[in-house]
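Before any questions on how it binds or moves, here is one chain, the form predicted alone, in C-alpha cells.
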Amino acid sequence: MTLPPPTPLPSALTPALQAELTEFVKGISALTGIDFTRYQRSALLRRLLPRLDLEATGSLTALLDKARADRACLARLQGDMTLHVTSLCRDATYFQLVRQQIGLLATYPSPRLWVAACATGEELFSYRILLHEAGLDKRCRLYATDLSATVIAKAQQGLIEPYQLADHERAYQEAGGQGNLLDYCQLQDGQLRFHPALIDGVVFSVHNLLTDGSFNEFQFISCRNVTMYFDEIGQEQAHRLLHQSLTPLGHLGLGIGESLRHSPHRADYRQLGRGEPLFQRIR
C-alpha cells in the first residue's frame, strides 16, 4: 500500500486558508474551553498540518468535524495545539544565572515562586532542586500551573522515563548541580520518580495565562517558552498578568528567544546576565 505524501507546509497564509483557520480556531476553542484566538496563527498551523495526515482529513474544516464527533481525536488535537515540551534544567547558562540570583529569596520571610505553564513538571523540579541546594526549599512555597489538567496530573506523579535519565543528569550537571540527580530520585513500584519531598507542598492548579487573573504575589516567576506562541495582543495580556503578579525586585524568567518586547511594562525591568532571559523588576 502506498501512502499519500504528507500535507506540504504553505509558504504563507492565503486569505482562504486564513478564513478557514479562523473558523477552526473558533470551533476548537468552543469544544475545548481553551481560547486559542490569541495564539500565533502560523505557529498553530505548523502544529495542525501534520494532524491532517494523521487523522486522514484533507482540510481543517474536516478535521474540526472529526473532532466534534470523536473525543479521542479532540484530545489528540488539543495536545498538538498546547504543545507541552519541557526538560530538566533546560538551557544550562540560564539556570547557572538563576543559581546566582536565587539566594535573594532568603531576604523575604515567606518567598513564593510560580512556575507558569509547568507542563509535565521538569521545569518545576529544576527549581525545586536549586532551592534545596540553596537551603531555601523549606522556606519557599512553590506554585505550578498549566492550562491542561492532564499534564498537571503527570507533573504530580513525578515520573522519570528511564531513557531520559542520562540527559537529565547531564543537564543538571551543566547547570551547576552540586550532587547527583539520583540523589533526588527513588524507585517506587518499579518506576523511577522524583522524591516525594520535591512534590510535597507544591500547589498545583489549572490556570490560563490569557484568560485567568492574578492569584497571588510572587518573588520569582518562571514563564518559559510560552509567550512566544502568542500573538502580540496575547503577549501583552500575559505580560500584564506577570507584571501584576511579580513583586518589585522580583525575578522573571523567560525562555531562550523570548523577550519583553511586547510587554507594556518592559521599562520596569532590567535584564540580568549577558543575553540570558532572566529579568528583575526594578519598579
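Quick note: we count residues from 1 along the sequence shown, nothing fancier. From a predicted model like this one, the values you see are computed outputs, not experimental measurements.
The protein also exists as the form predicted together with a small molecule; that form is not presented, and the subsequent description refers to it.
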Decide if the three candidate residues L105, C140 and T247 all line the small molecule in the predicted bound form, where lining means a heavy atom within 4.5 Å. no
Among R170, H84, H195, K154, which has any heavy atom within 4.5 Å of the small molecule in the predicted bound form? H84
Checked I160, I199, L131, L209 for heavy atoms within 4.5 Å of the small molecule in the predicted bound form; positive is L209
Please pick out the stretch from 24-32, 66-74, 219-227, 53-61 that is in contact with the small molecule in the predicted bound form, where contact means heavy atoms within 4.5 Å. 219-227
Contact with the small molecule in the predicted bound form for A117, defined as at least one heavy atom pair within 4.5 Å: yes or no? yes
With the partner left out of view, is L147 within 4.5 angstroms of the small molecule in the predicted bound form by any non-hydrogen atom? yes
At 4.5 Å between heavy atoms, is R99 in contact with the small molecule in the predicted bound form? no
